[in-house]
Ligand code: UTP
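Here's a solo chain for you in structure tokens, the form predicted on its own.
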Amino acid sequence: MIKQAIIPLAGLGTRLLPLTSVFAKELLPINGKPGIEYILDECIDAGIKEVIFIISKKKEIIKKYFYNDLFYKKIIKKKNDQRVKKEYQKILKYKKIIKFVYQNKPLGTGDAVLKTKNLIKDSHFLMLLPDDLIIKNNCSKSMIKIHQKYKSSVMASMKVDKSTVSRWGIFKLKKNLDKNNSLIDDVIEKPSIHEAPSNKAVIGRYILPKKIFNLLINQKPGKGGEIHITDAIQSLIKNNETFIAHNFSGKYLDCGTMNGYIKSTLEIAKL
């Protein structure tokens, strides 16, 4: 059973400037609720018992958000506001399952994952990217079911427009297991249109094997001088590790750009 999740949060969020010049993008409200809380609720609903946040010293505002007890206690004592009490109880619930590790140099998602090496206990763990919200259906929960059925690693998958493949990790598929799940033959990080083996993209949900840490320790930087988790996944696939692409049934929202952030707020407001 998957009981731990990791969430990389050390990025500076430059695509959301100027908002992120003073504020962590993951705390920006989406229809009145911080984006990171949607991710946490997805984890809790999927049965996750521990969530590891990977932050940097520049993103310590995220830690303060969950550890601002004195502020809440003073407000509650002074005003006895029921809404504030309810919000504080929610924060306390989240705080019970959260741990923090630091990635102070932006060396890529693979390096961020490596920072959690000493905290991962079981054979597999869940990773969620906070810019990718999936609403209307719990993607993590459905991926955990696939992992339990096939005893393998799983990545969320979605068809994208061929003109945008250079934004994504793109799958080369081996064969279909059923209408929503396929074995992966390869995954290529941000290929050109001509290099892309398909238009099936990795979306920000992964169930990864603990053995990936052994590769990340010695992995050399890839595109852009960063250590990409995709490169380590490629190596595992070549070593006959089974990875499944899962076509999730929820609605994908990209919160990592200003336009996407605005659209996400409008979309969630409809629910």
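The first residue of the sequence shown is number 1, and the count goes up from there. Note that this is a predicted model, so its numbers are computed, not measured.
Unshown form predicted together with this ligand; subsequent notes refer to it.
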Go through A156, L133, V187, A112 and name the one with a heavy atom inside 4.5 Å of this ligand in the model of the complex.
A112
Given that this ligand is left out here, which of L107, I193, I91, I76 has a heavy atom within 4.5 Å of it in the model of the complex?
L107
Classify A10 as contacting or not contacting this ligand in the model of the complex by the rule of any non-hydrogen atom within 4.5 angstroms, answering yes or no.
yes
Does E26 make contact with this ligand in the model of the complex, using a 4.5 Å heavy atom cut-off?
yes
Tell me, yes or no, whether S140 is in contact with this ligand in the model of the complex, where a contact means a heavy atom of each within 4.5 Å.
no
Could you confirm whether L183 comes within 4.5 Å of this ligand in the model of the complex, counting heavy atoms only?
no
Exactly one listed stretch (83 to 91, 194 to 202, 123 to 131, 143 to 151) reaches within 4.5 angstroms of this ligand in the model of the complex by non-hydrogen atoms, and it is 123 to 131
